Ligand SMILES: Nc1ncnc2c1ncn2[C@@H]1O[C@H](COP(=O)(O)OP(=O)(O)OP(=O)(O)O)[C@@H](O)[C@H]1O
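Here's a solo chain for you in structure tokens, the form predicted alone.
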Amino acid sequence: MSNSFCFDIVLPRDEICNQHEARDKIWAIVDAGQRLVLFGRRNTGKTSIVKSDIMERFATKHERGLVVFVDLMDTASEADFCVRLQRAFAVAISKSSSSRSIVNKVSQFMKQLKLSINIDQVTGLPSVDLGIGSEQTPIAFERTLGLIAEIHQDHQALLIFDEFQDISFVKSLPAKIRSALQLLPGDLPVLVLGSKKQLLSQMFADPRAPFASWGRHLELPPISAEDYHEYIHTKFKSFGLSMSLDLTKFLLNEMQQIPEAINIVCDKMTKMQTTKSPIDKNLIVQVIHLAVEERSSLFRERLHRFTEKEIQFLRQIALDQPVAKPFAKIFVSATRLSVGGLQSMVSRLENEAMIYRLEEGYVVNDPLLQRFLARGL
């Protein structure tokens, strides 16, 4: 573990604060060759856990295996999905210790991708140039999945889709993907990650949806204050700093227990606290304010995509969160919309990952953006 606080990256395995129980649950399901939907708010560590822990465990157990990781954020069309899967498949082959035999098995497919495959003279392993041209007609994703299934028979494969809920914006694509996944071997593990609860609910909980009753479901739990306190203490120690458990709880509450935001604030505290002494509440408040200031131009740019009424609604959520009743009179008055109009607005803001529904009510998804909205633009 490094001394610095990590953010804006996929965290290495030893930088993931606890979540050992969740990690073991995920691995047990993957190791059993089952399907899993892993969901939770953005920046809570889902991708880091999967890439740095689960994928490493799989590679250790299956040295000749194939791990295909597909990022589906903002998938625009079926053709876009096909190309993303093709690229992920090519990357997986290039990283596999069995890449030579796999390339031989799918050589015709690789030629159709127009990829350049070169053998490293030192390692003897292929390196894959992902030269998929814009003029190329994407290969049907069903065929790519079929090849992954063939490779699984000899080498074991793991298939992972990140931000899976974004395929719901492409008409009829979820049903096609569900049909294709049903044809995969029963022991080929498929791991689906998602951060937009409303869309995931529509896809997996609605009995009329294509993915109804598909796989097991697991929500990534928040990290306890005690565990995070130990993690922060270990980092601060190298800077000669310390912070009480009560102030750790205060920081976690202010940052809504989102690891990314917590690490941003803690990193800034290590740079601002010039004397080796305990952190106090005033410094935490000051640093949060500065972190928001640094991102204010980015937040303004992000908000340009939304209408004045949507921004007003977001500001009201930021001021009152958690909001159990977003269709109450105060919101109707602030936006001058009907209840039906508000429902459409809430749906769009959830789909855009601007707000998130907790058991207690709706909150602004990014705690630093929430502070920016609450103080006024």
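Note that residue numbering follows the sequence shown and begins at 1. Keep in mind it's a predicted model, so treat the numbers as computed, not measured.
If you look for the form predicted in complex with the ligand, you will not find it shown, but the lines that follow are about it.
* To do: Could you tell me which of 181 to 189, 225 to 233, 197 to 205, 286 to 294 sits within 4.5 Å of the ligand in the predicted complex, going by non-hydrogen atoms?
  => The contacting stretch is 225 to 233.
* Candidate spot Glu310, Pro326 and Ala334, all three in 4.5 Å heavy atom range of the ligand in the predicted complex? -> Spot residues vs the ligand: no contact at all.
* Asked: Is there a heavy atom of Ala374 no more than 4.5 Å from a heavy atom of the ligand in the predicted complex?
  -> Output for Ala374 is no: heavy atoms all beyond 4.5 Å of the ligand.
* Glu260: heavy atom within 4.5 Å of the ligand in the predicted complex? -> Taking the distances in the predicted complex, the answer for Glu260 is yes, it comes within 4.5 Å of the ligand.
* To do: State yes or no: in the predicted complex, is some non-hydrogen atom of Arg315 no more than 4.5 angstroms from a non-hydrogen atom of the ligand?
  => It does not: once the ligand is placed as it appears in the predicted complex, Arg315 has no heavy atom within 4.5 Å of it.
* Asked: Leu358 near the ligand in the predicted complex, any heavy atom under 4.5 Å?
  -> No, Leu358 sits far enough from the ligand in the predicted complex that none of its heavy atoms falls within 4.5 Å.
* Since exactly one of Arg64, Arg57, Arg348, Arg42 fits, which has a heavy atom within 4.5 Å of the ligand in the predicted complex? -> By the 4.5 Å heavy-atom cutoff, the listed residue in contact is Arg42.
* Who in 1 to 17 is close to the ligand in the predicted complex, meaning a heavy atom within 4.5 Å? -> If the 4.5 Å heavy-atom criterion is applied to the ligand in the predicted complex, 1 to 17 yields Cys6, Phe7, Asp8, Ile9, Leu11, Glu15, Ile16, Cys17.
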